[in-house]
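In the block that follows, a single chain appears as structure tokens, in the form predicted on its own.
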Amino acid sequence: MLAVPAALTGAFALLPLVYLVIRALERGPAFAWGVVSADRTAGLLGNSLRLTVVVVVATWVLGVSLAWLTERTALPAARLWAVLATLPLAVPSYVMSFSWLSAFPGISGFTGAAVALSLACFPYVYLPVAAVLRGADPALEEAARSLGHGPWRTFRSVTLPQLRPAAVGGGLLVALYVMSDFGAVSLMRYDTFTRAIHTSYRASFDRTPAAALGCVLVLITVALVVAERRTRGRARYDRTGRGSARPAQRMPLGRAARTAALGWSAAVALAAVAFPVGTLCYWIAVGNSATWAPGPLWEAAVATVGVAAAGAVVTVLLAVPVAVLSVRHRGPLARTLEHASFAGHALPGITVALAFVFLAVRYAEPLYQQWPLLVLAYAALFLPLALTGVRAALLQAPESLEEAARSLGRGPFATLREVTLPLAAPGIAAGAALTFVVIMKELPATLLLRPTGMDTLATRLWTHTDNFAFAAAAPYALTLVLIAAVPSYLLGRHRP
């Protein structure tokens, strides 16, 4: 029942890879190998991996620390800080880069790209870690403390193992985002695989070099997914029952610790939310070219919300069978399909878009330049976001409840509908909201696949930015941030 739809999802996610292989081998394996083995490719690989490692470590520090402060300490106004920690999801990486670059021109290059991507991506770690801290059984930590373990030893031996799947899964999403990001590295003028692929596509009609570089990105993606799965192991993270039906006792903070915690939370919120929004407001206020034309702005906003909602629904529907199979029926098939589902997320949006153009023109011409093709491209790009959310919820859902339902005569489909999916509902909702926000910000695929005459907020923003009309771009950027802030706010405010 699960294998067939999961296999269809895996095959769908591999479509961009099929295109890459066809393009990469178009001029023969020797030419492709020459591109991959060139010295410049080694330099791009080093740049990409260095940026990825730094951003992942930074997002772990930011995400885990803020999740711990807002969920397990007596931090004043914890709910407010929890909401502010999710709002950077609403800020596209290219908007984050532009705001910092316009204020500090000397920050361009590796430092600027690392700062912008870290501030834009740390909610991918914060959200799953905070969810685990909210749902974890406090009795386990209390038992450790009663056995003589101090706070740090309890955190290291009891709490941290429960956080590991969420933190590593969030880190995987951050790594894939960094490997595929174009806006931030382009504005900061830092050479990575993605920027080199875009340059190759724009500089020549020969797309073989870009396809060969894209294949390298796929191999890196496979390595990252395998590494993440190995860290997950075969441990179980669910309760046998509801456990202690009460929240964990919050750790009191002394005056110095409270001041430090508030200062840290405020500094992150200022850098990741207040500063980019303030920059946009500044450009609107002082720029002569800023125009709040309500007609084009409204049309772009409606189109953005429509395609993002459709993309989120399709992506979640594709992700559910793969997530259930990977958590409840571990084996070679589940492992292969899970790895296949991550293939598109590490590829630049332009590569995935060109793959769907290639397939539509050759095999499904009526879909060319129609919104369903754009929605399918979104699903291929962002399938791991929904998959990670559903999987994290299932890892904490007790499998014994499903076994009890089967023992009472429920069939596989009834058990899935009545037990498994309700248990995974919070993860499904979180995955859908996260996917909706990220789709709103997607730029390269939207530029290439949108129907004729349709513009989204991201495409209007990029058009003005590309012409250096920053003040004219500011209204579209601010509207994009405000709309995306709604689901980001709901993600941060959802508390038991």
Partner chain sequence: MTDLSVRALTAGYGKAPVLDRLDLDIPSGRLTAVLGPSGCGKTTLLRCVAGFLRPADGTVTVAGRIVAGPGRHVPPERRAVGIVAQEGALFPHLTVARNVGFGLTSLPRAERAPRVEAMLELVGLAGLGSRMPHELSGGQQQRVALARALAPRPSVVLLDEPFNALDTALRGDLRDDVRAALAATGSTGVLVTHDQEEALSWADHIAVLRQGRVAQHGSPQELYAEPVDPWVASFLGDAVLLPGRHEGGRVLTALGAHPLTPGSDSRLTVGTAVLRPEQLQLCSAEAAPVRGSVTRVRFHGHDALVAVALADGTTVRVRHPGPVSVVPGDETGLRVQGAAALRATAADPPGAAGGPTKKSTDRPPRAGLPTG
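Residue numbers count along the first chain shown, from 1. Rigid core (definition): largest C-alpha set, two forms, superposition within 1.5 Å. Source: prediction; values computed, not measured.
Missing here is the form predicted together with the partner chain; even so, the following discussion is about that form.
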Using the partner position in the model of the complex, report whether Leu318 sits within 4.5 Å of the partner chain, counting heavy atoms only.
no
Does at least one non-hydrogen atom of Arg410 fall within 4.5 angstroms of the partner chain in the model of the complex?
yes
I'd like to check something about Glu418: if you look in the model of the complex, is any of its heavy atoms closer than or equal to 4.5 Å to a heavy atom of the partner chain?
yes
Mark Pro422 yes when one of its heavy atoms lies within 4.5 Å of a heavy atom of the partner chain in the model of the complex, and no otherwise.
yes
In this chain shown alone, the residue from Arg335, Arg406, Arg134, Arg164 with a heavy atom within 4.5 Å of the partner chain in the model of the complex is Arg406
Between the options Ala257, Leu401, Ala74, Ala310, which residue brings a heavy atom to within 4.5 Å of the partner chain in the model of the complex?
Leu401
Considering the partner chain in the model of the complex, find the one stretch among 120 to 128, 422 to 430, 276 to 284, 82 to 90 with heavy atoms no farther than 4.5 Å from it.
422 to 430
Using a 4.5 Å cut-off on heavy atoms, what residues in 445 to 464 are near the partner chain in the model of the complex?
none
Return yes or no for Gly169: a CA shift of at least 2 Å between the shown form and the other one, with the rigid core superposed?
no
C-alpha of Ala267: shift of 2 angstroms or more between the shown form and the other one, rigid core aligned?
no
C-alpha of Ala424 moved at least 2 Å between the shown form and the other one on rigid core:
yes
